[in-house]
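The chain below stands alone and is given in structure tokens; this is the form predicted on its own.
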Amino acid sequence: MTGRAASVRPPDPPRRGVRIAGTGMLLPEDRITNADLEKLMETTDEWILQRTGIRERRRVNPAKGESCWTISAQALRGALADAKMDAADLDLVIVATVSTEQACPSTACRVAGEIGAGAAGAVDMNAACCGFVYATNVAHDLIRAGSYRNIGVVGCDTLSEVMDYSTEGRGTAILFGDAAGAAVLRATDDPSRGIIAQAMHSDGTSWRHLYIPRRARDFPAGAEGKKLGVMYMNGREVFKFAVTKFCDLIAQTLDRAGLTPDDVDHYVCHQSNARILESARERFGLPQEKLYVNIDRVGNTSSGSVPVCLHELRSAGRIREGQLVMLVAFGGGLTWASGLWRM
């Protein structure tokens, strides 16, 4: 009698850990100060500081060859140097951005080619200001599952290129600056390292509160006559969304991890507005040293915000192995996301 042998389920692969092996960033040299904006629109330094906490923001200079993909490549080179790795060791490059210069090729493909990543996979991810957190969550799970060992993740936006620096665009233009931040994620044999809780959410019904139209059909009803290629934001609605979701997201992530706010060593948060950051700090009773703020120096850098903060904290020696670090962001889409790491 013949028959097929009984199927045998293969053993589960050993559980991998994931570590952030290196970080890097690139801030363009050119600055837009509040004094500069006073010359372009009806505003004052005091008005901007009171509402946002921002003193200056950076801006790419195309005349210097700066663009989203060039500063992304420089940030990732820095992360690779910090990790003491060669670009050829990367299995995958993910660039989180809304500032891609062409529909094709992707920014990630250009970055991978520029740094010499060989035949590594390359893909862009668009989750607006949440992009880097979305991308690190995805990269982490690809490594944890055993599909990849080394992934470079970049968060970069050059939103100065879609700002209306007139009084009409004042409510948006005072906020945004340009920056790139990057991290190299690597597999490790220590299964305790990596993300212990995460969340990713969206509300696509509210997209009209923050958008960048490229064609006439992209405008929501009632927005006829506005300019193409310019960011539009309903500041009041986005502020309400951010204040509520920011705190709810932190609470949800802590609950999934079974931790209290005090258990986390650092909250690395998207720098959208100083008032929003302060509201979260007060709600959870966090000391200032646990919730990093750099928005006064760089503004809201969208996808670049969280990785730039992460790199500055690591470079200062404030984030150390074994600590618990929560990445938190919210942005257009509308989107909100978190990742709680054991470093």
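As the structure is a computational prediction, the values presented were derived from the model and not from experiment. Numbers follow the displayed sequence, beginning with 1.
In what follows, reference is made to the form predicted together with oxa(dethia)-CoA, a form of this protein that is not presented.
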Only one of 246 to 254, 222 to 230, 170 to 178, 75 to 83 has heavy atoms within 4.5 Å of oxa(dethia)-CoA in the model of the complex; I'd like to know which. 170 to 178
Are all three of Gly17, Ala21 and Gly194 close to oxa(dethia)-CoA in the model of the complex, meaning a heavy atom of each within 4.5 Å? no
Is Glu289 a contact residue for oxa(dethia)-CoA in the model of the complex, using a 4.5 Å heavy atom cut-off? no
Taking heavy atoms and a 4.5 Å cut-off, does Arg236 contact oxa(dethia)-CoA in the model of the complex? yes
Answer with yes or no whether Leu277 is in contact with oxa(dethia)-CoA in the model of the complex, where contact means some heavy atom within 4.5 Å. no
Report yes if any heavy atom of Leu210 sits within 4.5 Å of a heavy atom of oxa(dethia)-CoA in the model of the complex; otherwise report no. yes
Candidate from Arg281, Arg55, Arg318, Arg51 lying within 4.5 Å of oxa(dethia)-CoA in the model of the complex - any heavy atom: Arg51
Which residue, Asn273, Thr107, Asn150, Asn137, has a heavy atom that falls within 4.5 Å of oxa(dethia)-CoA in the model of the complex? Asn273
